[in-house]
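There is one chain below, alone, in structure tokens, taken in the form predicted on its own.
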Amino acid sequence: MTEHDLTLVAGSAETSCGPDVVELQHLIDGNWTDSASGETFERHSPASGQLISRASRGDASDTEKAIAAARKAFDDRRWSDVPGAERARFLNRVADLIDTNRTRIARLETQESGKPISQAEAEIEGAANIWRYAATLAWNIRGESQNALGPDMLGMVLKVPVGVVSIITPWNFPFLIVSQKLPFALAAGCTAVIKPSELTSATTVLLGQLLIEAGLPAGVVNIVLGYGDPVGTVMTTHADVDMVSFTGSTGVGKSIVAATSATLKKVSLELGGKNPQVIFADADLDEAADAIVFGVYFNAGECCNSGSRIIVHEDVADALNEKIVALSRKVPFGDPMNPETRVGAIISKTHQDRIDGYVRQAVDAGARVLLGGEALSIDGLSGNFYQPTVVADVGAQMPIATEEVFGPVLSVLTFRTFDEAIALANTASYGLSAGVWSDNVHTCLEFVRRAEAGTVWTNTWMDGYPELPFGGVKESGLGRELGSGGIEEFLELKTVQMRIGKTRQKWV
């Protein structure tokens, strides 16, 4: 395998001339501010190595100020007392501003993350639609009544905002994922402190600017830039934080659960996945191959929903592998700023080496690399790129088959019987998503029932809608985002029991 077998997109003139460096500050109590320490950190493009942003480096004192601002804003009810209809209008204003600034947001996202510009633009459009969907939920926060408790009693169940929410987001979809959390928290009446990944802080800061422009009261949303220690640590342990909403690795998610145990905060976690697609012998192999290629290379495989593990009936395995390899050669890898690019840069050299380690380990254990398996050089760019990689003859217990590689690497396993396919699909400790390919609806429905996953796709992969909940089982997380349940995560139930008239019998 050589690089000349691939479709490559060289660095563009726009990349080589370099972007303007963006200066980023914290947003605390409605004010943009430097860190108390005066320290900063820098982010360089993973595609070109050029300096993209310079951010204030938050410490514990900065984080405590942000939490105090969010606490005060919640306790004085400046946001939770705003009628749902008005909160909805605010969320729609934010959505409109996101649309207006879509190009600007997408460029920053691409420069910091290395994802293709066309993909980033589509994600920003999707994020705006999520804000609009959350706005519809702000109108409809409904409890219930119990009117059959006897003639002298009326019962009600209210839904109230949980309080101050710490929102911690990852580097792979920085704007989209904060948009899967924050608008639902705001729709519920909560206040928030946000920590974006130190690798991709710029678009969250830009979102903060749009929130202010849309008229959000000071202190309702605060943003602290920096590293997990100390910023994330304070956000997950502080007594004035009522809930933590985190998206990231399962390992960090477990540490957050441990950290929050002292105060028993509410926790919502969207974690990793090792998502299987099971292809039966009667499947449309051309359709399946196209979806598999999309599923494994989208966002360079740096996606919790990546379809990185296929389990194919052995009678059609060779034919499917040939189709996947042929399509993989056609996928344009390269300069993220080029609109033709489908797969951009890997987030860091350290992560690229980790991806390569999984491939090397699989080969040493007897797997075969059908395509790729090495770092990739792109003319005009000095960043981190990895070849589209297909690995066959993968054993069910190999790390490449059970652990999250988080790169453009596809593992191919085979099966003979339905029960064997289900067993392989459910082997991993994760349970985020799964897929089934078959022309037999009975096969698809039985798979849906038996697959251990929060989302199951049939004859498709990675379609998504704001109306449908997203989240996992097992070690893929706790709770759900999106859908009508997206706002429920940020609400608590309060029971009210009302005696009607002076009918209570005296105890003494």
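Everything quoted here is computed from the prediction, not taken from an experiment. The numbering used is simple: start at 1 and walk along the sequence shown.
Below: the form predicted in complex with a small molecule, not depicted.
- At a distance of at most 4.5 angstroms from the small molecule in the predicted bound form, none of the three residues F41, T204 and Q209 contributes a non-hydrogen atom.
- Listed stretches are 417-425, 323-331, 191-199, 101-109; the contact stretch with the small molecule in the predicted bound form is 191-199, by a heavy atom cutoff of 4.5 Å.
- Although the partner is absent here, T136 sits far enough away that none of its heavy atoms falls within 4.5 Å of the small molecule in the predicted bound form.
- With a 4.5 Å cutoff on heavy atoms, I117 does not count as touching the small molecule in the predicted bound form; it lies far away.
- Though the partner is left out of this view, D242 does not reach within 4.5 Å of the small molecule in the predicted bound form, counting heavy atoms only.
- Residue contact with the small molecule in the predicted bound form: Y227 places a heavy atom within 4.5 Å of it.
- With the partner removed from view, the residue among W79, F406, F298, F90 that has a non-hydrogen atom within 4.5 Å of the small molecule in the predicted bound form turns out to be F406.
- Interface residue among I177, I311, V94, I292, judged by heavy atoms within 4.5 Å of the small molecule in the predicted bound form: I177.
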